[in-house]
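Here you get one chain, nothing else, as structure tokens; it is the form predicted on its own.
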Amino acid sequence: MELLDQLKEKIKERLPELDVVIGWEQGFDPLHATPLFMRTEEDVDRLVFSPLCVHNLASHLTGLKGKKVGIVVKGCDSRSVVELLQEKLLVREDVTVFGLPCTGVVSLKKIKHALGGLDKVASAEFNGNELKVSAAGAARVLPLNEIAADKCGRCQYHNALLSDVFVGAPVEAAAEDNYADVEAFQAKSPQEQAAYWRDAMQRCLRCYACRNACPMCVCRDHCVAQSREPHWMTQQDTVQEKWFFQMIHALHLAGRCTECGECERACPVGIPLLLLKRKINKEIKELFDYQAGTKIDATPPLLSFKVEEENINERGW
């Protein structure tokens, strides 16, 4: 509670100079937190923070352009803020960042699997690295390392990389990400890979939840998926059109995706969308030695131009 009290105090100190501060509050049931837009001290008193606070709040920033905005960020969230600043989609002076350390957030899918459902959860509370849940009249203790989102197991940035106010003690440990999941998928035959994605795209609803949850998808009102001039895509319910949309979405994030996982978390039919983004990120890292949102003074590789790239031997082809 000490960290949360400190955070509330710091936000209240800055609140008079800001139009709004974005954080989290208790959601509609014990397992859900939801974005909170704080404009008064009474709003700040509703603020919560725990591994249940999974939303990447940076997705709201571009919609508040022109206002003085405060935002509470974890390490992975801060990468999105950095990337938005690099692309000049935000004005640095208009954004006040309240940074936090993070040891991981939960996967509600894993909790659902462990409990057999989420409908009968009466209470949920974190005690250290354990989630104590009362469901269907029975008490359960779920270790965070068993219910954490997959991205947390390979997280290299537990602390906010950019902050005007940092609250709490930094987390020292950092995992190594060798893209083992991408390598494992690439080990499949081309036929197996095609069948995997064909099955996944048959489930796609074209609801665009993945796009809407993504902090880097900033052209929603002019999205190629809904544009009629030019008319790139149809609304036909076919695997080809669904795959077309998802590939456009993934490639528009090349060198920009911070792997926050919001696209995959928001997907109502469980499509492993982050695997697509990570495949592209792996290539970007190998070609350009670049990870999105990790260095505030860096230029994303696809926003720059070099006559000769160090790792692309065009003359040898």
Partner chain sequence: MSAAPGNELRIIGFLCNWCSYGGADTAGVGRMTQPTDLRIIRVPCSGRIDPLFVLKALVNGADGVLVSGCHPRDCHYAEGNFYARRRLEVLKRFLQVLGIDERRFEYTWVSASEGQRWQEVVQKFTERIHELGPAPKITPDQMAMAETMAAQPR
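By rigid core we mean the largest C-alpha set that fits within 1.5 Å across both forms. Computed from a predicted structure; not experimentally measured. Numbering follows the first chain given and starts at 1.
A second form of this protein, the form predicted together with its partner chain, is not displayed here; the remarks below concern that form.
Undergrad: Pick from Pro143, Gly128, Gly153, Pro190: which has a non-hydrogen atom within 4.5 Å of its partner chain in the predicted complex?
TA: Residue within 4.5 Å of the partner: Pro190.
Undergrad: Heavy atoms within 4.5 Å of its partner chain in the predicted complex: which of the stretches 73 to 81, 144 to 152, 236 to 244, 93 to 101 has them?
TA: Stretch with heavy atoms near the partner: 236 to 244.
Undergrad: Lys68 near its partner chain in the predicted complex, any heavy atom under 4.5 Å?
TA: Contact with its partner chain, no.
Undergrad: Do Glu286 and its partner chain come within 4.5 Å of each other in the predicted complex, heavy atoms counted?
TA: Yes.
Undergrad: Would Leu302 count as touching its partner chain in the predicted complex under a 4.5 Å heavy atom rule?
TA: Result yes; Leu302 sits at the interface with its partner chain in the predicted complex.
Undergrad: In the predicted complex, does Val48 come within 4.5 Å of its partner chain, counting heavy atoms only?
TA: No - in the predicted complex, heavy atoms of Val48 and its partner chain never come within 4.5 Å of each other.
Undergrad: In the predicted complex, does every one of Gln6, Thr40 and Ala174 come within 4.5 Å of its partner chain, counting any heavy atom?
TA: Negative, none of the three is within 4.5 Å.
Undergrad: Counting only heavy atoms, which residues in 166 to 201 are within 4.5 Å of its partner chain in the predicted complex?
TA: In sequence order, Phe185, Gln186, Pro190, Gln193, Ala194, Trp197, Arg198, Asp199 come within 4.5 Å of the partner.
Undergrad: Note yes or no: does the Cα of Glu17 move by 2 Å or more between this form and the one not shown after the core is superposed?
TA: Result for Glu17: no, shift under 2 Å.
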